[in-house]
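There is one chain below, alone, in structure tokens, taken in the form predicted alone.
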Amino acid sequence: MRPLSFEVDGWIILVGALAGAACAVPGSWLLVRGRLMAGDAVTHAVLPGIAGAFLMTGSRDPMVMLIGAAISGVACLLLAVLLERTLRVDKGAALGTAFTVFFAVGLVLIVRGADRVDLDPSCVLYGALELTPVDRVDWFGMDLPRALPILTTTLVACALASFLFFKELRLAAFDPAFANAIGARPLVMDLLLAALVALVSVAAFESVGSILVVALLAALPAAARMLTNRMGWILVIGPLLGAVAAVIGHASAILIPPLVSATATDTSSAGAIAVASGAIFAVCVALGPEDGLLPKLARQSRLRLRIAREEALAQLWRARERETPLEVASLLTLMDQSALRRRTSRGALRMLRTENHVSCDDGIHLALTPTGAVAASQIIRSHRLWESFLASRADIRPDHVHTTATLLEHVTTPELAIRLADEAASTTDPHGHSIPRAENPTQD
């Protein structure tokens, strides 16, 4: 295991972070448009253009490769359109066929030309991020890694395009019909987005390869989307996650292999960054504040517990009206009939006793405390107001309103209860039961 050093690893991490950030910007727009696979197609379609330009010129000049990538990408899209319109091939199948053919042509060009020029197929496919510190170029008097100014310029270009055309890109992404109606030209935005994807594919292919760039285009924006719903923040968080993935990925490529095998020294940094991007996405899927699995499960658990708590209060209120003491086992049986889990019901009872809403002096029978009676009366009030509303306004038979009212009582706000009381204009529900008063709820 070699120690990390800034002179070597610092440049690798910086270039990897710039590659991730540059890919995350157009990837974010592809994500919200539901076209991440189109980005995959473009990154594969530009490969023969990149390889052909390099074979013909023997130069890795970014402008030469960008021209080759643009020609190849446009040709791929034209082939897809030709298959779709002339042969009536499904749009997805046409695009898949076109970019697969172009990717295969690119691989053939690379393999056939590898013995004539300095073109390593594995570097083109998977990148050569480890060579970043030794592949240097003079840039305005500074001796920098070749990929650094290229990726920096690419990131600035993507960020600038997103800033200048933010409104048009957002309209084209979320409402293309409206965008077209007001002259925002969604087709032009599509072409701009395709150009940005081609640009980052060319800029990043030396560092992370033409295959692993897809992971950066897709995983980082998807992870950012799990953290926020706002497009502007997605464009900010995605590149930041790219920097995090670069640090974690490169460190893992150096530190983990020796722990797995005594003969292993390290592994591909670009591949490790792609894996780190996937791991970051998995963490965001699990912990995202809005749509994350664990927060969603926690919200559902709290909702079930609240419903069980309110159902227990309602049952105890009805038992109080009947002047019949309710045993713990009987209450749990009644709550079972409401499709509540027994574990949730027991948790609700524990919560009510902790809140001093329910007492159980003899260990068998339950009773409402004064504060519990206040809370229970409001649940019953909501239930019976809904029953009155459904029977009088929705013209539902009185013997059919209980089940619906049981669902609605848990989502009734105080303001809605006031409106229901105005609509009901009655002190009893359709079954003749008294509706508790809001101003003095413990009394009928």
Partner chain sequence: MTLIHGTESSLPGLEHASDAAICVHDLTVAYDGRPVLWDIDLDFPTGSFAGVIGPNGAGKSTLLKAILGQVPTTSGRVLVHGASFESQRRLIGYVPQRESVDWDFPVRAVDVVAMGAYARLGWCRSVSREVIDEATHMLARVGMESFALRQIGRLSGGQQQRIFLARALMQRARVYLLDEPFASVDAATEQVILEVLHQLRQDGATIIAVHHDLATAAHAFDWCVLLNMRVVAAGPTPTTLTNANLAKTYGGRLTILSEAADALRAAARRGDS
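Numbering follows the first chain given and starts at 1. Being a predicted model, the structure only gives us computed values, none of them experimental.
A second form of this protein, the form predicted in complex with the partner chain, is not displayed here; the remarks below concern that form.
Name the stretch, out of 331-339, 317-325, 176-184, 245-253, where some heavy atom lies within 4.5 Å of the partner chain in the predicted bound form. Within 4.5 Å of the partner lies stretch 176-184.
Among Arg146, Arg304, His365, Arg170, which has at least one heavy atom within 4.5 Å of the partner chain in the predicted bound form? Going through each option in turn, the one that passes is Arg170.
Heavy atom within 4.5 Å of the partner chain in the predicted bound form: which of Ala373, Met231, Val275, Leu83? Spelling it out, the residue with a heavy atom inside the cut-off is Met231.
Using a 4.5 Å heavy atom cut-off, state whether Phe103 contacts the partner chain in the predicted bound form. No, Phe103 is distant from the partner.
May I ask you to check whether Leu349 falls inside a 4.5 Å heavy atom distance of the partner chain in the predicted bound form? Judged by the heavy-atom cut-off of 4.5 Å, Leu349 is well away from the partner chain in the predicted bound form.
Does any part of Arg225 reach within 4.5 Å of the partner chain in the predicted bound form? Heavy atoms only, please. Taking the distances in the predicted bound form, the answer for Arg225 is yes, it comes within 4.5 Å of the partner chain.
With the partner left out of view, is Val32 within 4.5 angstroms of the partner chain in the predicted bound form by any non-hydrogen atom? Residue-level check for Val32: yes, a contact with the partner chain.
Of 337-351, which residues get within 4.5 Å of the partner chain in the predicted bound form if you count heavy atoms? Going through 337-351 in order - heavy atoms within 4.5 Å of the partner chain in the predicted bound form - there are no hits.
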